[in-house]
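Below sits a lone chain in structure tokens, taken as the form predicted on its own.
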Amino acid sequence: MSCPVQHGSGGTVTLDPYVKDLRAEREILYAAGPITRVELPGGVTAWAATRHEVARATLTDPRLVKDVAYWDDLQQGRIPEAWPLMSTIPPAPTNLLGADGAEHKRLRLLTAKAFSARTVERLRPRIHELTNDLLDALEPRAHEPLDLKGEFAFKLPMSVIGELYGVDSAEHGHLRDMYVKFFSSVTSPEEFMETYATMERYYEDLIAEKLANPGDDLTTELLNAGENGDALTHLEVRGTLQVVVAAGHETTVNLLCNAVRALLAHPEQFDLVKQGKVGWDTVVEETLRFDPPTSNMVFRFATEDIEIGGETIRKGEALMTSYGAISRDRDEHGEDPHPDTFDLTRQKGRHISFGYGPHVCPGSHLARIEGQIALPLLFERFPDLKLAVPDGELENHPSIVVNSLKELPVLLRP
């Protein structure tokens, strides 16, 4: 198998949109230095932060903003038309991902109640119930191979998000298909534009429905957020709903799949859990560090020249945060055990796989709770669960942004 990343001219690291060897990609990015030039699909170039120290600094630097108007390559017409990764870059500061400063603070305050730890904590009983319902549904197929991602890891967080939104369960598959295309690095320009338009129509229809028939759900709550004229616009509500699916669903799907994979690949570590020496909260946190649900977050843009990590980010240049490479940072996580090792007894370092600073992922509480509930219930029900194919045959979804398996084939009761 060829290496997925290679050094091009000028020390640039070229990322493979098909993600054939994610482990090698992380190591090469890490070895390239704390901040390095990268080439993304379509020949688009940017900087990448690959170490904790630089990432924490750049994620809190007000000179690096989310507003795409500051991206010189885009303004000068150097970005390919319908570039697939444009789907991950907010076109205007209309949601938590795309806003900065006072506007970001306003949006965060107006949506804080919906994403607070207290609010999410109240969902525990319902998440427990939904998990058991999904496991019950798997019982008839326990002796045959099935895709744990599609049948369980996807359905649980989508069911939770769907209930939060007030969306009928029949629509969950449609939402999934849209977001699979939304995050793909290899979607054709035509398919990308069609998906983007479909997604916008979907949320506009949902908002219209909730305006006509308000309910006890997040969509209605967002539409009613704010007072004294400081309410969310419908465009801001739509943007927030889009962010929640990405933040509260996609991250959880990948967390669940990556945790199952890591435990099965490291039976000596799994034994610590079975023996009660390590809690499931530790499993969740080490999985988030070892195999983060987001590989790279794009982009922030420099509003002036910035010296950092021994390099100069020029005004108008783009910077992404490489969480995959950051997870291998020896300065943060030590050499023993090596950061490339899944180790539930690890003592040194704290991951930043949900981000850092003002833009830390709003869905982090929800993802953690779902992982802490779903994983033990899954293995209590199916203690002999194993992969239905060798680990080396598992394939990643073609995306340099999300770290997502195409499928996770398992046997629940071999």
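Only the largest set of C-alpha atoms that superpose within 1.5 Å between the two forms is called the rigid core. Counting begins at 1, following the sequence as shown. Keep in mind the model is a prediction, meaning the values are calculated, not measured.
The form predicted together with protoporphyrin IX containing FE (HEM) exists for this protein as well; it is not shown, and the discussion that follows is about that form.
The listed set I89, L74, L164, L110 contains one residue whose heavy atoms approach protoporphyrin IX containing FE (HEM) in the predicted bound form to within 4.5 Å, identified as L164. Between the options L288, A302, V260, V237, the residue in contact with protoporphyrin IX containing FE (HEM) in the predicted bound form by a heavy atom within 4.5 angstroms is L288.
Judged against protoporphyrin IX containing FE (HEM) in the predicted bound form with a 4.5 angstroms heavy atom cut-off, the residues T252, F354 and C361 are in contact without exception.
Only one of 365 to 373, 46 to 54, 22 to 30, 379 to 387 lies within 4.5 Å of protoporphyrin IX containing FE (HEM) in the predicted bound form by heavy atoms, and it is 365 to 373. Of the heavy atoms in P339, none are within 4.5 Å of protoporphyrin IX containing FE (HEM) in the predicted bound form. Contact annotation for R37: none of its heavy atoms lies within 4.5 Å of protoporphyrin IX containing FE (HEM) in the predicted bound form. Not displayed here, protoporphyrin IX containing FE (HEM) is approached by P293 to within 4.5 Å at the level of heavy atoms in the predicted bound form. Contact between F115 and protoporphyrin IX containing FE (HEM) in the predicted bound form is found at the 4.5 Å heavy atom cutoff. Contacts of stretch 62 to 85 with protoporphyrin IX containing FE (HEM) in the predicted bound form, defined by any heavy atom lying within 4.5 Å, are made by K66 alone. Comparing the forms between the shown form and the other one on their rigid core, the Cα displacement of L218 reaches 2 Å or more. In a rigid-core overlay of the protein, L138 has its C-alpha displaced by under 2 Å between the shown form and the other one. For Y165, a C-alpha deviation of 2 angstroms or more is recorded between the shown form and the other one after rigid-core alignment.
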